[in-house]
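Presented below, as structure tokens, is a lone chain in the form predicted alone.
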Amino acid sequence: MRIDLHTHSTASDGTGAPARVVAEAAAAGLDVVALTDHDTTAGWAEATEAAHEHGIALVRGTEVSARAHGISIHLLSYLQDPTHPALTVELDRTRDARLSRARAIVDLLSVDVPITWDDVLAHSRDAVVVGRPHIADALVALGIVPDRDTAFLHLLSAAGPYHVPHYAPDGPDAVRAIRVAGGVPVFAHPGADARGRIVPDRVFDRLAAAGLGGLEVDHRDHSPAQRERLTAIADRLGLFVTGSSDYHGTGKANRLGENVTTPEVLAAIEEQGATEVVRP
């Protein structure tokens, strides 16, 4: 069984609609796929219909923005109640903050490069969450950078002059909110040090104490050394490990199914979640 538990659609920063992501997952030979758009569940209904159409199981989830030790982190929430206020209030607040941040970044960029907010909106399409990836797409379309990765390495770098922070809940608080909403929290790409600073080991202890369920260990942004480190942390804290593609369509080089999760871990997630896996 091939299980990929981390993908994105046009509901956030992917390039394919939710139905297309599910169809592509089925075509790639996956048995199970999770839709985990940033800070929204807006793609769930469309993805559910597509899962039935294409005969693939669907895990409905969200990638929740958070912050720990002064560092931006992401927590994958699986199978939560999408209407529970413990989580929806935080997601609403974060989406609003991300939108304000995106506009502020464009204002800063426009002083030095020819970009407008309308340019960004032209690339956000149906996105509920407008953010830096859409700014990157606008920069690519304008010929300012060749691709998204270059935009994030330079103009959109967290260490660069155009960086603007945004609100996100404290990591343990986000973990607790996910659990109260019936979700299963997994720390997404926690060792992706090429993206910027990563949290020290003691943060994992704090997240685990709050109810963290697992670590996304097998991810293309993790070196062999990081995978070994994270596996040891998971073993020490009694957390399960997942593997995922973090697929964004044409927005990133990540390919569906390039890392996968075991059926045993999926069963553990389903046992803990408030909602069921959608099965054909």
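Position 1 is the first residue in the sequence shown; the rest follow in order. Predicted model, so just to flag it, every value in this text is computed and none were measured.
In what follows, reference is made to the form predicted together with a small molecule, a form of this protein that is not presented.
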Please tell me whether any heavy atom belonging to residue 185 falls inside 4.5 Å of a heavy atom of the small molecule, as the geometry stands in the model of the complex. no
Spell out, yes or no, whether the shortest heavy atom distance between residue 60 and the small molecule in the model of the complex is within 4.5 Å. no
Find out whether any non-hydrogen atom of residue 101 is located within 4.5 angstroms of the small molecule in the model of the complex, and reply yes or no. yes
Against the small molecule in the model of the complex, would residue 125 count as a contact residue? Criterion: heavy atoms within 4.5 Å. no
Looking at 113-121, 147-155, 204-212, 177-185, which one sits within 4.5 Å of the small molecule in the model of the complex if you count heavy atoms only? 147-155
From 171, 191, 133, 82: within 4.5 Å of the small molecule in the model of the complex by heavy atoms is 133
